[in-house]
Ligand SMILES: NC(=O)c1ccc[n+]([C@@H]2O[C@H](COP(=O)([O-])OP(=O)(O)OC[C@H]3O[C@@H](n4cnc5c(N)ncnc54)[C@H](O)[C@@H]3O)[C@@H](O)[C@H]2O)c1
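First, one chain by itself in structure tokens, the form predicted on its own.
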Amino acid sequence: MLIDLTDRVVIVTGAGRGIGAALAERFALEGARVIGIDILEEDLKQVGQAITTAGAKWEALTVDVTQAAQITAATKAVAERYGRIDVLVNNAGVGADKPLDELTESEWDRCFNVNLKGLWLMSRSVMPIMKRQNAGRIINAASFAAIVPMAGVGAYAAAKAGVVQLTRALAGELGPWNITVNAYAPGMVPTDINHFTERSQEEQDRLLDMLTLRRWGAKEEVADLVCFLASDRAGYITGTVIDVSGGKLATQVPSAPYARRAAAA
């Protein structure tokens, strides 16, 4: 099955590092015209260097996704330059790793402003453009925490649960214009937010024992899914959240089959 994204105009937020950088690179290598958005200009430069070295198309815009005026200016510039916006990937996100009774109001606000409000502001800014085209894809970063929250990251889980419901609401409102809206929910994919691979071996083993596929996820595997959702091949998929977690908690004790296999060997 050929997924053709040649010359699609794709905006990726949070493109400066982690999964966002992997998404930007994959879209560019698939032939899309990628506009990477991030608040960290230096990170964008590093990602852009890797993309342009590979001979792909790339443009960077330094934008704070919590600021409506910056977003409006950025999407207007993209639309004027390319004449359209085909795909918006709302990937920008931040963590809030504290028990809820220790979290400050400003930490709560930042978590919701980046993870949820920023997604709404970005989506709102491209909706008139996509409606005029009668086509578009909006793809949102949820999290496995939106499905099963973890103690100590309650604000993050609540914000990502909001992403899930906002995804469904947007899908319902934008369906008449042939605009699909979906979300992806990564599980244990090591990033600068979760620091999975920097933890003690004991803690890593405990976390990996929760997975049906007992390994860390790769950022590129998330990119595979997102590129599919952005393509014409996913034209009848909307309003859904796809779990990319290696079967985290798919069964009650996913480590048990590994123990049986080891014993049999």
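Only a predicted model underlies this, so the values are computations on that prediction, with no experimental measurement involved. Heads up: residue numbers just count along the shown sequence, starting at 1.
Only in words, not in the display: the form predicted together with the ligand, which the text now covers.
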Is there a non-hydrogen atom of V65 within 4.5 angstroms of a non-hydrogen atom of the ligand in the predicted bound form?
yes
Taking heavy atoms and a 4.5 Å cut-off, does G246 contact the ligand in the predicted bound form?
no
Contact of D192 with the ligand in the predicted bound form (heavy atom, 4.5 Å):
yes
Exercise: L40 in contact with the ligand in the predicted bound form, heavy atom 4.5 Å:
yes
TL;DR on 78-86, 138-146, 125-133, 97-105: the one with heavy atoms within 4.5 Å of the ligand in the predicted bound form is 138-146
Exactly one of A155, A74, L166, V114 has a non-hydrogen atom within 4.5 Å of the ligand in the predicted bound form; which residue is it?
V114
